[in-house]
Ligand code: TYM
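Encoded as structure tokens, the following chain is the form predicted on its own, with no partner shown.
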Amino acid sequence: MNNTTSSNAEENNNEMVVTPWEVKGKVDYERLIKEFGTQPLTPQLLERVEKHTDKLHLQLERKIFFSHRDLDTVLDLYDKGTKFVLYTGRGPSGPVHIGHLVPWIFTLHIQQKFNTRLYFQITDDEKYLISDNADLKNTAKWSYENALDLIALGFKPQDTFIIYDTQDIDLLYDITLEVAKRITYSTARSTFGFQDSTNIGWIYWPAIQAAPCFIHKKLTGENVPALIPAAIDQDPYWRVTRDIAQKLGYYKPAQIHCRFLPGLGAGGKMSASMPETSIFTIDPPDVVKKKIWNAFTGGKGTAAEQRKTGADPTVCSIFQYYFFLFEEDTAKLAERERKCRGGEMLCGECKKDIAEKLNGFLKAHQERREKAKDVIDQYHIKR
């Protein structure tokens, strides 16, 4: 009886939930493609991208970005002379962690290779509306802090425009109204799961998130598609936006979806709500080392057992750091995996190595982040 209860509880804890506001359980990406109605990134489509980028970005090569909507259409238009803009963003609920950087690093790569603009929306209004504990003063603080992390990655002010929703609502509002008028409550409820207890601000908010898809035309007069690199949990927003885009005279926004960097615990994505399992960009070296040392791995109970039977890198949170960001050499990554499975390399060695790599990355990032304070105003859309 107790074993059955424990098994059921574990099964419930591992049940997949993927919404714009919550991700938990073991994520089945193939199932998400089917349920969300997206398309897998095929070898043929990746070949088309590679023609413009010299070689595939690591995140495409390793299928970290794995799904899309209308990327092929965007490339068709680009080949005929119609450029596209990029759009992504951040909900400022706290400090940025390494998982947030994954799609931003890829976005920078696409921006540089295709020589295009990025509109980056900081959704301080959303965080205020959906959280009982949020206040506008706090979301404003994290908006500023999170913007520093974006700039520190190397985005340039001449082609990167940061939109702070509460500050810039005058730029968004007319587009928001156009969108909101054409999305019914029935559609919003079925897409987002709104309840009778959901506040009306939250219900309206998807129209605000849609606005940057179309803001380029308002600012420049050019009607071009937007390509949105983001984690797949954000897809429902663009689903409803795509339904009404052409009615408003715009291109449907296209997306390219990435996987979630797992947290340092046993399963689940990296989440700011579980700080002990997340590496934040502002973490000092000793904190990083402690978190890494306590991380969940695919190792065995003893060193002797692991040397004999090997470990399982597929469930190891440390190995995922190498896979997602910190080992660009695929041959070296494969060799690390071989040694792990064969018991030649123990978890302590991997942990020590990744802690050093992380702290080296964060030291440079934090230095650039400090310098970003002097130029952050250059990224705000000028009236």
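Numbers follow the displayed sequence, beginning with 1. On a predicted model such as this, the values are computed, not experimentally measured, just so you know.
Below, we turn to the form predicted in complex with this ligand, even though it does not appear here.
- Contact annotation for Lys269: at least one heavy atom lies within 4.5 Å of this ligand in the model of the complex.
- At least one heavy atom of Gln209 is located within 4.5 Å of this ligand in the model of the complex.
- The closest heavy atom approach of Gln121 to this ligand in the model of the complex falls within 4.5 Å.
- When contacts are judged by a 4.5 Å heavy atom cut-off, Gly99 counts as touching this ligand in the model of the complex.
- In terms of contact with this ligand in the model of the complex, the residue from Phe161, Phe214, Phe84, Tyr237 that brings a heavy atom within 4.5 Å is Tyr237.
- Per the 4.5 Å heavy atom criterion, this ligand in the model of the complex is contacted by stretch 102-110, the sole one of 102-110, 181-189, 74-82, 285-293.
- Taking this ligand as positioned in the model of the complex, the residues of 216-244 that bring a heavy atom within 4.5 Å of it are, in sequence order, Ile228, Ala230, Ala231, Asp233, Gln234, Tyr237, Trp238.
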